[in-house]
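So this first bit is one chain, no partners, the form predicted alone, shown in structure tokens.
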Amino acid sequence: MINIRSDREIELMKQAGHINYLTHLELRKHLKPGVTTNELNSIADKFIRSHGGVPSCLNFEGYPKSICISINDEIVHGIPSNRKLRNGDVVSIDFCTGLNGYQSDSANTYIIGDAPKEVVNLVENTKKALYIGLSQIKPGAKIGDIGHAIETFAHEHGLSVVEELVGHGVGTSIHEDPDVPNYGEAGTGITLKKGMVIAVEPMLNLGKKDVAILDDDWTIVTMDGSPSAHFEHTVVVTDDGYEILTGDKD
């Protein structure tokens, strides 16, 4: 079922989204070679709780940590550990924050230190793809318009689109209807309506689109070992477009 959220619910989700956004800003201060992903997980967990929120990824369907940290060829759901970040790593940080029963979800990808130009372009263009997808959102538009715009932009820049993983609705649960693919045909799929809240999250690879899951049953990687990038915002459909609930363009 696809929910239409009231003004009160949207305000609560905006509050949850603000904590999510602030947590990303806090984590950026600590992204440097030598820091472990466990340390970053602890920083995020403490920060979210100190602001009255709940790290909703923790124990979601058995996930063992508060945030997901995926490095280089890891696309999503990388589990924090004692692994240390190194110069040149491509690091995706993705997590959900709950507050007063409502959820928010966002992701950002960072480069630690220096990386080849093609990797820098991957990260920059994945972020651009997110906003190109968001630009399609307005009442009366179709879900397929979002994915088509993202896929077209990705292919124009020599990047592949992960198809096994998609965006989704957000509300009182982390994942709700509808699915929001990062590929597809314009003019297809459900019609967007004011009050719908969705997470749009392009996951683009420098190599091929094929993926595999590691033995931990969570971490999803590129089959060819190529780097991947991931950006995500939770947004609400407004009268004439959309509003980001998890931060600004930055």
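Just count from 1 along the sequence shown to find any residue number. Nothing here was measured: the structure is a model prediction, and the numbers come from that model.
Not pictured, yet referred to below: the form predicted together with a small molecule.
Asker: Looking at 127-135, 93-101, 156-164, 113-121, which stretch has residues with any non-hydrogen atom within 4.5 Å of the small molecule in the predicted bound form?
Answerer: Heavy-atom contact with the partner occurs in 93-101.
Asker: Sort through L206, I48, I198, C57 and report the residue having a heavy atom within 4.5 Å of the small molecule in the predicted bound form.
Answerer: Of the listed residues, the single hit is C57.
Asker: Indicate whether the candidate residues L12, K193 and Y242 are all in contact with the small molecule in the predicted bound form, with contact defined as any heavy atom within 4.5 Å.
Answerer: Checked in the predicted bound form: no contact with the small molecule for any of the three.
Asker: Taking the small molecule as it sits in the predicted bound form, is D105 in contact with it (heavy atom to heavy atom, 4.5 Å or less)?
Answerer: Close contact exists here: in the predicted bound form, D105 approaches the small molecule to within 4.5 Å, heavy atoms only.
Asker: Under a 4.5 Å heavy atom criterion, is W218 part of the interface with the small molecule in the predicted bound form?
Answerer: Yes, contact at 4.5 Å.
Asker: Can you check whether H175 is within 4.5 Å of the small molecule in the predicted bound form, heavy atom basis?
Answerer: Result yes; H175 sits at the interface with the small molecule in the predicted bound form.
Asker: When the contact criterion is heavy atoms within 4.5 Å, does C68 count as touching the small molecule in the predicted bound form?
Answerer: Yes, C68 lies within 4.5 Å of the small molecule in the predicted bound form.
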